[in-house]
Ligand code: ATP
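As structure tokens, one chain now follows by itself in the form predicted on its own.
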Amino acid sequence: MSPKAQKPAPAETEEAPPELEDLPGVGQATADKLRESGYADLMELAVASPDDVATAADIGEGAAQKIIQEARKRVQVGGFESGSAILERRRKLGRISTLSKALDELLGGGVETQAITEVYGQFGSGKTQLGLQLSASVQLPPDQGGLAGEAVWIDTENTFRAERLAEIAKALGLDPTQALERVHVARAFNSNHQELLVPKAFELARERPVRLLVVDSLTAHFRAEFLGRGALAERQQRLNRHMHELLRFGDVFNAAILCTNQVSARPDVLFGDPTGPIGGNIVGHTATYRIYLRKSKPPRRIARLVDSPNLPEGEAVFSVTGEGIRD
């Protein structure tokens, strides 16, 4: 008599990620309202403000604060941690190559994810060209300086050129048609529309592997619409909120944020150059890395790292060629 066949052990299954409804105080109706407002998972909820969540879910600010605190516990965000743990996490951040070795070295290896990199300078200094280069580079595999991802481009000055991106992509060995399909462009017609496009980017990034968000340029609409000292406070508040939403996008999707910025004609004591970035301290404090671009003998440009939490100030010379950014 043959021995009785043993039943195979049940296959191990991965624990499903927690849903919004798993949080105390979040019923089906509240969860539906949160999702409609763009809070699709616990990470997005954990990095939100109580006021925004209260408005989205039509609940009190105290209740929203409790929900956010519980979400932070579930995804382990917002508590104290050791410096060594932070160092280990930072080693996992992604970087996108600019295809210029000198510029990459200035930036510590490339444009960093979960950070805002602001580039400012006069017209023709290479700001938009850098954005186009990164939009192509981000599609490369990690061993070639990319993140195997896609890009979102918020265009406020009608400067995005698909034919230029195709040219840069072809030089990288990418199929130009496919490369263009992986870059999602929206024209912002005013500052309010510009702000509303960030939640749209959240929606897109939940469906596509978006690892780069470009805003070209950050301040153009705000500068044109908020004129005079009387409008300055509102302009700065709106800019502050907009930039923190961009930072939240970078944190949630481990994406790099590149913002180009205009300059104003005022003395800049740091460089002895009669230009300085728009946006004042709000932009200066919120941007993680600030890079000043200026023209040199064509096709060369000079990039100066003005501000960084961990990198020394310095300069790099790069070229804007037919193939894109190069040394």
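One-based numbering along the sequence shown. Since we're looking at a predicted model, the values are computed, not measured.
Absent from the display: the form predicted in complex with the ligand. The rest refers to it.
For the options 195, 251, 155, 167, the one in contact with the ligand in the predicted bound form, meaning a heavy atom within 4.5 Å, is 167.
Of the residues 199, 109, 209, 124, just one reaches the ligand in the predicted bound form with a heavy atom at 4.5 Å or closer; this is 124. Figure note: of the listed segments 251-259, 125-133, 218-226, 81-89, the one touching the ligand in the predicted bound form, with heavy atoms no more than 4.5 Å away, is 125-133.
With contact defined as any non-hydrogen atom lying within 4.5 angstroms of the ligand in the predicted bound form, the contacting residues in 294-325 are 301, 320, 321, 322, given in sequence order.
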